[in-house]
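This document contains two forms of one protein chain, each encoded as structure tokens and listed individually as structure 1 and structure 2.
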Structure 1
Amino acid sequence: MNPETKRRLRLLFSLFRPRLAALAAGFAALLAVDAMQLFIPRVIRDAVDGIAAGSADEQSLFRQGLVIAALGCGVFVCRYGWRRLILGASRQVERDLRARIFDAVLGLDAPFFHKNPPGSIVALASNDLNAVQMACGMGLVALVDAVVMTLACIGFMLAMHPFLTLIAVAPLPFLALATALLSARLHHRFAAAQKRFAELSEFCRQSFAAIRLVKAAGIEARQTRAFGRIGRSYIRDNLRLATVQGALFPFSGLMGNLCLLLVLLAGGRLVIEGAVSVGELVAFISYLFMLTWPMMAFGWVAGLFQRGMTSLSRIMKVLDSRPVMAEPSEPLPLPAMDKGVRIELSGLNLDSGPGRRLLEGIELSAGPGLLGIAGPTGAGKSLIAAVVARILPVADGCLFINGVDANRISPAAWRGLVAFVPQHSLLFADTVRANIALGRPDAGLAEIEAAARAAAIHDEIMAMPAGYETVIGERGVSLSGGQKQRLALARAILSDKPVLVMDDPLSAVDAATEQEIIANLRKIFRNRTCIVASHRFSLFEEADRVVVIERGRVTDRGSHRELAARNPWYAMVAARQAMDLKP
């Protein structure tokens, strides 16, 4: 068994372990059903024989009828039992595995999400999980049933005639070999189909998430065509899968027939030679007929298991993913912060792929107080903000908090220190209140309102249909751009962390509101460390220091006034923004 399979089985076992008792009871019930079902025909035969022999009477028939009915009830109860126990367990396994996927996803960071878009994660937690659940439920039942039936039949056959049995089972190794080969094919083709399915999900997701663009640009037909192309590939993948699947299942039936044929030939010869009686051969063959169904079931089960295993390994890829910003092996405690927080970047380089340098040799230190980051579009301001918020991983010795290397501190502890206002306001389909209180679920309404006031959004919230309890649509679709931004700001203010990182937080806010917010923030700047990237220089007038980033490098630093006087680019932007002032 290769290590990959071993790991998958270990995972499955750990999922099944809490339910072993239920499963054992379920399988006991399943076996009881098998046994009772073998017994009922006997009672019937006895009854018919009795009638034929004339030894039966009304009473004995009633008794036999009663026995059959009782067995029927027993079958009913046991069947009900195994269905609930085994299928129920498979659903619980599904639930647990889904929870593990979600847990794993919760612990992963930006590089993972860049490679695995939301649609494919959803596909994993629904479609792939479904394949695993099928294998764990009906697949397992069919397997156990088939194994038991096969063993029982082979046992009877062995007792009857070992030589014929040997001949009968001779093709089985070939069956095993062929099944293994076909399964390997199935694995690749099913993996391809599942991947395509994830692609399909992600395409739908993107099209609907970008519906405003789709509508405004009138590209509905184009999207539908592109979707159709993926759908066509999905058909092709599934047909390739079906050719394996279509062979696998009937193939085991074919092998069963081969067994039968061999017995017929060898047994026929033995009968003709007088070594075996006709009665024996007939009985032997009737057992072989009983074997036909379980043999075919093996093919079906093999397909189901292979699909389950393939999906499981897709799931395990996520379970095995580790965040790039992993927990340090020996996390250091957070440094003392009674004198404020100082964030330092030293010699920070950031690459995305070989030879693609995004940030180069960034040196800067922030806090306590406000540090402004200015720079042209695409210079790398957001990257610096993301690095400080620990969304993007950095190498050792680049990022420090009060002199301690960030990579030596647990990411969770770091995040406990930093509040962040992202450039794209990320809101959730939830109430306004819950969105603001994301970082402080315990916050009372008074605190939430205070934060909303500081972000100059309180009045607008009160004007919404249900005030703070208004549910905003997914990604905040029912809000204006500036409202979204200020909710994100209120969220960060409420979370009350010593470090506040804001990435272009007021770009969609009008000047008057901006002034109001800046006045409110002024109180916050005073005893905190703030890093603000912005295109609006009005914020920088409050800053202790401003750095100018150009093409991934720090090209200048100083106070707002100094830069306005010295740096040509800065002066030009400042002048243009000042132009607003002169009528």
Structure 2
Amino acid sequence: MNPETKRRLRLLFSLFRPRLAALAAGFAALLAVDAMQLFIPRVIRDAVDGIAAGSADEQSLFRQGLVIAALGCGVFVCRYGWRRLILGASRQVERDLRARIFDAVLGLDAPFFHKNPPGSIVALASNDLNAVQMACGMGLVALVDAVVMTLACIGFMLAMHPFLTLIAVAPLPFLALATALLSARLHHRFAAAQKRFAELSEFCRQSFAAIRLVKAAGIEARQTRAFGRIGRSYIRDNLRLATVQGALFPFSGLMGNLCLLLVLLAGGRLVIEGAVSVGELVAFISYLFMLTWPMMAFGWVAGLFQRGMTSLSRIMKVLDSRPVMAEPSEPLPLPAMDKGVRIELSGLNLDSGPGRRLLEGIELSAGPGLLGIAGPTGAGKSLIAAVVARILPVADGCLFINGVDANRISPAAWRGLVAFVPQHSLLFADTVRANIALGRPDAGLAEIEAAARAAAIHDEIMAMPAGYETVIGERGVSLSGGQKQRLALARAILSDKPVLVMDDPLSAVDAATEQEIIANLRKIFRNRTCIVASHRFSLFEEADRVVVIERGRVTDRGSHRELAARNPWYAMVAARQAMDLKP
């Protein structure tokens, strides 16, 4: 057994451990079912031999019928029991493993999501997880049942007639060889099919998330054709999988029927010769019929386990992933903040790959008050905001809070100090109240309303059908861009954290509303450490200092007035925006 298989089995055992008692009871019920099924042919043998010998009467046949009926009822009860216990445990394992996947994904950071789109993660938590559940549920039951029934049936058959048993099991080595050969190919083909399913899920997610763009651009037909191409590839990969998987089960059935043919030929001759009785042959064939299911099951189980193990390997890659911003081995406590919070960037470099430098030598400091970050599109403003919010990892000695290196502090503790308003507002399909109170679910309605007023969104919320209890659509689809931004801003204000980082927070807000929000935020800017990256310079009139970023470098710094007087690019943009504000 290779190390990877051992790791997968250890994971499964850890999930099954709390349910070992239920599994033991379930497998006891399964063994009871097998024992009762194995006893029925013996009753039939005695009945047939009694009829053939002329010694049977109505009472003996009635008693034997009652025994068979009682065994049938016992099979019914025990079969319900093992299905309830074993399959129930497999569903609980599925639930726990899904929770582990969800928890693991939430603990990862931006680099992981750059390589793994949401569609592939959703595929893990649906298609792959279902394959694992099937292997741990019906697969495990079928394996145990097949092994027990195979050994028991062969044992009873050997006791009845060893030579006839050897004839009956002669084709089994061919079944074992075929199963081994086909299972190896099954693994690779199932992995390819699962990968294609992830691509299909991601394309679906992207198309539905951007449905407004799809409609506005009139590309429905093009998206449908692209979806069809991926769908055809998915079908092709599944058909390649089916050619292997589909061969296992029929081949097992063929071997079972071949065994039956051999037994009928050899057993019939033995009955004619008087070596075995008619009842013994009937019982032998009954055991052979019971053996046919395990022979077919081995092929089905082999495919099921291969699919389950392949899916479990894909899941474990996510469970084994670690965030780039890992928890420090010995995290330092947060520094004293009685005199406010000072954020410093020192010699910050940020690359997106070999030879692709996005930020270079960034030096800036933000204390209590407002620091503005200006620059043309693509200059790196959003990257700096993401670094300060600890969304993106940085090297040691590049980011500090009150003189302490960020990499020596727990990322969760750092984020507990920072309220972040991203460039693209993210909202949940929940009530307006729940979206604003996301960071403070215990906040009262009065506090939520105060934050909404500061973000100049309260009146519009009250105009909604249910006010603050109005449920907004997925990603806030029922709201305008400006309303989304202001809800996100209200969420950050309500969080009342000592550091506020905003990335172009008012780009979709009209000029009049923007001025109202700025007036409301003046007090917040004075009491917190605020960093605002924006194309709208009206925010910078309240700033203590503004830095200009161009091509990933700081090219100028000063107050809004100083930059408007001496920096040509800054003066040009400020003048244009001032003209736009004039009535």
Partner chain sequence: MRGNFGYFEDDRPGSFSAGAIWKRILVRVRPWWKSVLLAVVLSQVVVGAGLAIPWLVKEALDRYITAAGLAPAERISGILRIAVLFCATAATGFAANFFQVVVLERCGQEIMHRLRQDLFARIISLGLPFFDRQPVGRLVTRLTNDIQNMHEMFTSVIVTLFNDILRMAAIVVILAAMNPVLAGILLLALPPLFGLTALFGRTARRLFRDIRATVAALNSFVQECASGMSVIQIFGAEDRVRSRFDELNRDNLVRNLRQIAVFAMFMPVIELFATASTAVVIWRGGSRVLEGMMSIGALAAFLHYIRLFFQPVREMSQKYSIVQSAVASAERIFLLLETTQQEPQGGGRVPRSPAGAVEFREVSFAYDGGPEVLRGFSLKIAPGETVAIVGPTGSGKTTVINLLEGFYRPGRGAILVDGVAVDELDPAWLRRFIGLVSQETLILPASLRENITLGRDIGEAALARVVEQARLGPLLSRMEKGLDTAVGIGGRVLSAGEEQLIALARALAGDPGILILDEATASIDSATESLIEEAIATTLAGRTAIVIAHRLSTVRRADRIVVMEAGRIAESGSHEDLAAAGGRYAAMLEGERLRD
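In this text, the rigid core denotes the largest set of C-alpha atoms whose superposition between the two forms falls within 1.5 Å. Counting starts at 1 with the first residue of structure 1 and goes up one by one along its sequence. Here the structure is a predicted model, which is why all the values come from computation and not from measurement.
Peer 1: Identify which of the two structures, 1 or 2, is the form predicted in complex with its partner chain.
Peer 2: Structure 1 is the one predicted in complex with its partner chain.
Peer 1: So that I can tell if residue 261 moves, could you say whether its C-alpha shifts by at least 2 Å between structures 1 and 2 after the core superposition?
Peer 2: For residue 261, whose C-alpha is compared between structures 1 and 2 after core superposition, the shift is 2 Å or more.
Peer 1: Once the core is aligned, please say if the CA of residue 558 is shifted by at least 2 angstroms between structures 1 and 2.
Peer 2: Residue 558 C-alpha, core-superposed: shift of less than 2 Å.
Peer 1: Comparing between structures 1 and 2 on the rigid core: C-alpha of residue 92 shifted by 2 Å or more?
Peer 2: No.
Peer 1: With both forms fitted on the core, how large is the C-alpha shift of residue 65 between structures 1 and 2 in Å?
Peer 2: Its C-alpha position differs by 3.6 Å.
Peer 1: Could you check how much the CA of residue 158 shifts between structures 1 and 2 after a rigid core fit, in angstrom?
Peer 2: So the C-alpha of this residue moves 6.5 Å.
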